[in-house]
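Form predicted alone, single chain, as structure tokens, below.
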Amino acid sequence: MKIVLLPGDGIGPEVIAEARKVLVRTGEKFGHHFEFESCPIGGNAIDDFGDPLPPQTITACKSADAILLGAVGGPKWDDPNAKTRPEAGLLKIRKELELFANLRPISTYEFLLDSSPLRRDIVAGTDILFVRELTGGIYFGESGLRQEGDQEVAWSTMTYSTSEIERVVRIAAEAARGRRKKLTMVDKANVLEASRLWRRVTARVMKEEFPDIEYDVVLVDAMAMHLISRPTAFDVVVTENLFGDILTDEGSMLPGSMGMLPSASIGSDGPGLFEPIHGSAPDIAGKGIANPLATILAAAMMLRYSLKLETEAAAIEAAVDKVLEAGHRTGDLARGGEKSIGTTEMGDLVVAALG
């Protein structure tokens, strides 16, 4: 099975190296051979090729069985007047591979509850799967900038079609069938026409195709409050691109650190793209202190969703649980004088826990 690695920028190469180590050990344990190819994306690709997603990277990804991404971006490429930015590579690869659904599981660990900024009694038992539409909406709608007298005027347009909404809602509803059979759709239908289309289409799909799923709707501003006041009330949450981006970053604080949360970007066909939800963290890049667990857990999601290796995915997740339960913490998770370990040591401990 061919896996393309996109280490990217900042801490990306460091965390990808640990996930690769875990995948190699998993292959040895279960009798699989993973073939790895590393390709450029993001800021480093701009430096070397003048393009955040070079053609050779696209070609490699399209021929892969799955793709594992680190992170892109950093202050070196933050000039707003630059011809291109690292993040453009992410948007382009999603379009090129037609990865229209982003799955972000947010769950808490009993032995990490005190790492959360919220009270233990609020976050205990949280288990939410966010399904975010990934290739439509305001990030891909018409945008522009014009001069009107002495004023600059900018605009970005949120655009959605019926089919774009239907396909991501179906993925979310199918996921709910395998969980607690509850789906929440988040919109801003009291203001946005695009959200009113989401509400109509989703209601129809749920009534006609998923009558067995409990379905409700929450406005995005209310959802932002509910996430930090009663997160255990939600099972599967589906929403459009912008709202999903913001809410999942907010939700990442429930377990205590972004360094714990993986994500999967999938489509109807072809390879999926798997990555941690954290950024490139340039302030700690090269220091060997980044938390690799989100990337390791993203590798587990890759085995589950793209390679259909459920037992192997569960083994990696169990190994992470074992390491955390034993009290091992990277700096982002350590609390109250707890000893912290580095990136490589954490990866080694997960490899050892695999047996």
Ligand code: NAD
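One-based numbering along the sequence shown. Because the structure is a prediction, the values reported are computed rather than measured.
The same protein also has a form predicted in complex with ligand NAD, omitted here; what follows describes it.
Within 4.5 Å of ligand NAD in the predicted bound form, a heavy atom is found for every one of 11, 291 and 332. Mapping the unseen interface onto this chain, residue 87 counts among the residues with a heavy atom inside 4.5 Å of ligand NAD in the predicted bound form. When ligand NAD is considered in the predicted bound form, residue 105 lies well away from it, no heavy atom lying within 4.5 Å. Remark: residue 279 counts among the residues lining ligand NAD in the predicted bound form, judged by a heavy atom distance of 4.5 Å or less. When ligand NAD is considered in the predicted bound form, residue 73 lines it closely, a heavy atom lying within 4.5 Å. Residue in contact with ligand NAD in the predicted bound form (any heavy atom within 4.5 Å), chosen from 284, 213, 175, 201: 284. 258 is the sole member of 197, 258, 217, 122 with a non-hydrogen atom lying within 4.5 angstroms of ligand NAD in the predicted bound form. Contact annotation: ligand NAD lies within 4.5 Å of heavy atoms from the stretch 271-279 in the predicted bound form, the single such stretch among 204-212, 271-279, 217-225, 156-164.
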